[in-house]
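This text opens with one protein chain seen in two forms, each one given by itself as structure tokens under the names structure 1 and structure 2.
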Structure 1
């Protein structure tokens, strides 16, 4: 499974916007199909009961763009339409093969940064673990 969109959805917003700016001259004119924000239901699964439930609503921003027959899509948490549009630009550039090497390098760099951040969080959580015995 391609993790590119997952990586871009969690990538640092400022770095993503700065990188997407560099793609605009190479992409040329694009059609904005949709750019909006709204609430979406967050589905979760109760692991004890094995049933699905809705945890609540999450504010999301979404961008959908098109150039010729290719499309780019971006969806990120929060009300940052610029970051969603930046994500869609990177997705479109990769679909069209525009600045492919630069896009792949950016995604790899962001994936590594996210993995490092996740590892740091897990280490901090592990430090608070309490082993308890039940009788």
Structure 2
């Protein structure tokens, strides 16, 4: 799994859009190949017989853009075309080496926020661990 893309896909939407705005002047003209919402089918593995089956579909937003030989891509949960386009812009900027340090800093900051949120959840989950004794 690519950690940078995974981080951008779950990054805070408002912060992602605000940061991507700052990249637009430096990126200049980009070709928009795709900007749409739609459904992604999500299969799951049955642990009893090892068969993959469809749990159902998830509403997602997708953006695919190009600049010279590089491409940027964004896919995020929900109907938010601006957020998926913002993800694609950051991805494209990193592919082109545009504002590389700022992009890496943004991704690191968002990755830390997501990790902190996960840690908070898992500490609360750990509080429900049960050690059973039989007698």
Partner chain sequence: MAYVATRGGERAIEQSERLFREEMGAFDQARVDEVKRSLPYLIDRVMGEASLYDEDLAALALAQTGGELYEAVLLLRAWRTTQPRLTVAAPVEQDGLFTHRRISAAFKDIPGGQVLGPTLDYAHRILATEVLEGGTYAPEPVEPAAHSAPAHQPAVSAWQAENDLIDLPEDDETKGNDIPDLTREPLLFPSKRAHTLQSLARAETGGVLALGYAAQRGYGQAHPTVNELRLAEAEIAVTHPDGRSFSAGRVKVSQAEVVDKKGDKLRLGYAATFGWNEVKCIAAATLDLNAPGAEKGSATEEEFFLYHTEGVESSGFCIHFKLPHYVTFQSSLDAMRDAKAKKAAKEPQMEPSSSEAVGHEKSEPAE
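Only the largest set of C-alpha atoms that superpose within 1.5 Å between the two forms is called the rigid core. Note that this is a predicted model, so its numbers are computed, not measured. Numbering follows the first chain given and starts at 1.
Student: Tell me which of the two structures is the form predicted alone, please.
Tutor: Comparing the pair, one sees that structure 1 is the form predicted alone and the remaining one is not.
Student: For residue 29, decide whether the Cα shift between structure 1 and structure 2 is 2 Å or greater, given a superposition on the rigid core.
Tutor: No, the C-alpha position differs by under 2 Å between structure 1 and structure 2.
Student: Comparing between structure 1 and structure 2 on the rigid core, is the C-alpha shift at residue 69 2 Å or larger?
Tutor: After core superposition, the displacement of the residue 69 C-alpha between structure 1 and structure 2 stays below 2 Å, so no.
Student: Please say whether, between structure 1 and structure 2, the C-alpha of residue 101 moves by 2 Å or more once the core is aligned.
Tutor: No, shifts by less than 2 Å.
Student: For residue 51, what C-alpha shift in Å results between structure 1 and structure 2 following superposition on the rigid core?
Tutor: Taking the core as reference, the C-alpha of residue 51 is shifted 3.2 Å.
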